[in-house]
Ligand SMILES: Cc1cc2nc3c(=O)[nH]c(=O)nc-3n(C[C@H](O)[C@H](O)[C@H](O)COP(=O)(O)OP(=O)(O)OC[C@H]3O[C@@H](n4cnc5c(N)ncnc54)[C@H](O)[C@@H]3O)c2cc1C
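One chain comes next, on its own, written out as structure tokens in the form predicted on its own.
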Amino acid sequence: MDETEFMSLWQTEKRPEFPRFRGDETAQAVVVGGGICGLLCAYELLQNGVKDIVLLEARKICGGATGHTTGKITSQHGLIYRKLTDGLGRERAEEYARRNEEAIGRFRKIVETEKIDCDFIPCSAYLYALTDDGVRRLEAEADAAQHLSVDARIVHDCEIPLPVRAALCFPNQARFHPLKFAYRLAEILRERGVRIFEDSLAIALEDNTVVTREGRVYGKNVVLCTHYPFTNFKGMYYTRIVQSRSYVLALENARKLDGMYLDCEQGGCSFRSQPREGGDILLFSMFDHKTGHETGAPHYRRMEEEAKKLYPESAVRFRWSAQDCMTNDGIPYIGRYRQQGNSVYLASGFNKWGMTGSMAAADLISGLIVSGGDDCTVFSPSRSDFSMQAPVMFREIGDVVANFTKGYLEPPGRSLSELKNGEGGLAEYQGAKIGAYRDEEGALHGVNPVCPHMHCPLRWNPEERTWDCPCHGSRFDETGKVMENPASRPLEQRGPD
């Protein structure tokens, strides 16, 4: 795969470089994961007096979810506050709202204090409705938010070229360039003594010792910020987190927007502008589906067609996809990973709201490490809101079973000789089923199309030329290299040499 083909707008920024971890070390705190969540956790620990910190990143700093976000800093998380109030009560819902509101202010303070040039722009966030039913749900959400002391109001004037019936406005939100912010933050951490290592995959956690292929590091405290927990069997997080994909186009020659906009219907359109040399660029996002599903759908083509209808003069400058961890109840897991001990902490499952979620996690976890105490919060990984989690959990267990059955029974679609250049899929080789891809030069790449995480059969994604796991969301490139966890090992090579 051409590494620049699905490069995001943010990834044109020059990134800092860090060494590979080798040897054995100890630290007061080990942060596993070098996305914005891991960087913020390290920063908040420093601010709270923890000086001896090691940060390990499996690939490159912010090369995963952070580099593919839309960069919205907002406490408006879809239709969340009515759901939380009804399901958990006002006190828990209020805590969720407060933590996310505080996260916006904390971003602003860090940008100002550290003088980070990251296109930080205060703005309003709008959740819009195109139907009467959507308007009724917006009104219920506005009422719930206001009862939680969130500044939210119904408005009827919007900038987007859709027949909006009403919108729920959250003022005093923000947008920014996530990699300008994160790269500078990483440099600040290095300057202040944090030992940051790239290309250092954590493969195991043993009694507060993080094991990599080239060494071990013991931490008095360990913070896991690896998007999907790299150690997920204890606590059964593979039944509690679902991975979801969405798609983004960066459009030139489209109208500049002052606010950020999101459809109240799942999979609807999202809009927000980003300043750039030569003129603002519009981020236009659509579609939302479980990873490994809809692998045959032409998402980018459909988005480009819709973008042309809405903005006839526009042109696509970048296109990319994002992968997010979704929890069964819509609330992140932030706090002690008790199945791993009282000094291991987890930050995962941000449900597409990773900017404020990461900041809330950094504040919460640094406080637990420095001050101790109980993490009995709305975010606790040990929470017992079974009535909210059960419907999604049982549905997803059924989906996993169905995907196992279908995947193992599915026959190979063709022989290797039938694969044209640029094509991939299941194929027959010497009487066995393999996953095969023939590149543009005609070279053949064959793999065992089974995920090494929990042996779920993989599906070929022709749009992005990847092998995707429909059970737990691991993704692999056409040669079998891991692109998204929870899998940590590449696919076995199969087929002719």
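Residue numbers run from 1 along the displayed sequence. Predicted, not measured: the structure shown is a model, and the values here were computed from it.
Quick note: we don't show the form predicted together with the ligand, though the next part is all about it.
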Q.
Just to confirm, with a 4.5 Å cut-off on non-hydrogen atoms, which of F350, F181, F271, Y126 contacts the ligand in the predicted bound form?
A. F350
(Q) Give me the residue from A322, A254, V217, A144 that has a heavy atom within 4.5 Å of the ligand in the predicted bound form. (A) A322
Q) Just to confirm, H68 within 4.5 Å of the ligand in the predicted bound form by heavy atoms? A) yes
**Q.** Contact flag, S246 vs the ligand in the predicted bound form, heavy atom cut 4.5 Å
**A.** yes
**Q.** Proximity of F379 to the ligand in the predicted bound form, heavy atoms at 4.5 Å
**A.** no
Q. Taking 4.5 angstroms as the cut-off for heavy atoms, does G354 touch the ligand in the predicted bound form?
A. yes
Q.
Only one of these stretches, 459-467, 45-53, 436-444, 32-40, has heavy atoms within 4.5 Å of the ligand in the predicted bound form; which one is it?
A. 32-40
Q) For the stretch 214-248, which residues lie within 4.5 Å of the ligand in the predicted bound form by non-hydrogen atom distance? A) C225, T226, H227, F230, S246, V248
